[in-house]
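Quick heads-up: it's one chain on its own, the form predicted on its own, in structure tokens.
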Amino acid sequence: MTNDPYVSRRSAKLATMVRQDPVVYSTWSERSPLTLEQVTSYERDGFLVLKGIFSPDEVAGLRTEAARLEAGSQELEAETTITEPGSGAIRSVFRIHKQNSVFARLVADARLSKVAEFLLGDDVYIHQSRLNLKQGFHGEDFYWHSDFETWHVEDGMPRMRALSMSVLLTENTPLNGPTMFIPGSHKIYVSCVGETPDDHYKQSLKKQEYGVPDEESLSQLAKDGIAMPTGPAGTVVIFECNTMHGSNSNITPYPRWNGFFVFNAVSNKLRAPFGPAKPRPEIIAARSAVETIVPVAGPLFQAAA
């Protein structure tokens, strides 16, 4: 495709290029939803950890709802549930904000959505949502990758104007497979090799084999270190769409659950994929079912009368 600033999977040779888009699209002021220090940290590192965003009661309510869904709620669409390749345990439930009112309320919460609007400098919508359930003993790894590379090639996301928010529903410790980040990696785009097979998503959601960076590029990006943010349930981890990240498998008894939400700028809606002719389905990448988020203030759960 012509005029593609982030070509990938179209050559037999790996390449890297400097990012061509801003990281923070708004100018900070005292009315911004983040402090200047937080904005500076996000722009520099490509991720930000916010603790104490949700109250213990809110965290308990989210965890209770996640456990109910994990137990096999009949309200879930079958094709949205992804299992682990070995154990068959539930790995992820996609399109969760469209299937469940609790998580619909969570993505609209002003404590998340207003931050996304500020960082992206636009109204926002949910490109992808899922409930990640990395179970104790059975949670497999997620290899190093840039989300934007996949969203660009397979979904048709034009520019780097999206971000992810992970709301921790269980404590993340160094032991139970938390997400690792390569600070500063969002400033470099790694162009991967290998033509994307049709319906690649069916395999990649279990184990990704295309859009995976090479070891030399990863080594260069990580020459100054790797970060492993941890925190109690209720912590929110925000990371830029091109930040290189991954996680180890979970061989501990302690589950690592989170609600995972991708906010995309309304001005950055999906076009035709920059790789395969056939885009991924709506449950993975919102294309026609796009609704601008209206931020909602107040507690997630109303107190009983």
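In this text, residue numbers run from 1 along the sequence as written. Here the structure is a predicted model, which is why all the values come from computation and not from measurement.
What comes next is about the form predicted together with a further copy of the same chain, which does not appear here.
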I'd like to check something about residue 138: if you look in the predicted bound form, is any of its heavy atoms closer than or equal to 4.5 Å to a heavy atom of a further copy of the same chain?
yes
Would residue 56 show up as a contact with a further copy of the same chain in the predicted bound form if we use heavy atoms at 4.5 Å?
no
Since only the chain is shown here, I'm wondering whether residue 32 would be in contact with a further copy of the same chain in the predicted bound form (any heavy atom pair within 4.5 Å).
no
Would you classify residue 215 as touching a further copy of the same chain in the predicted bound form, given a 4.5 Å non-hydrogen atom cut-off?
yes
Can we say 222, 250 and 254 each have a non-hydrogen atom within 4.5 Å of a further copy of the same chain in the predicted bound form?
yes
Among 111-119, 157-165, 138-146, 75-83, the stretch whose residues bring a heavy atom within 4.5 Å of a further copy of the same chain in the predicted bound form is 138-146
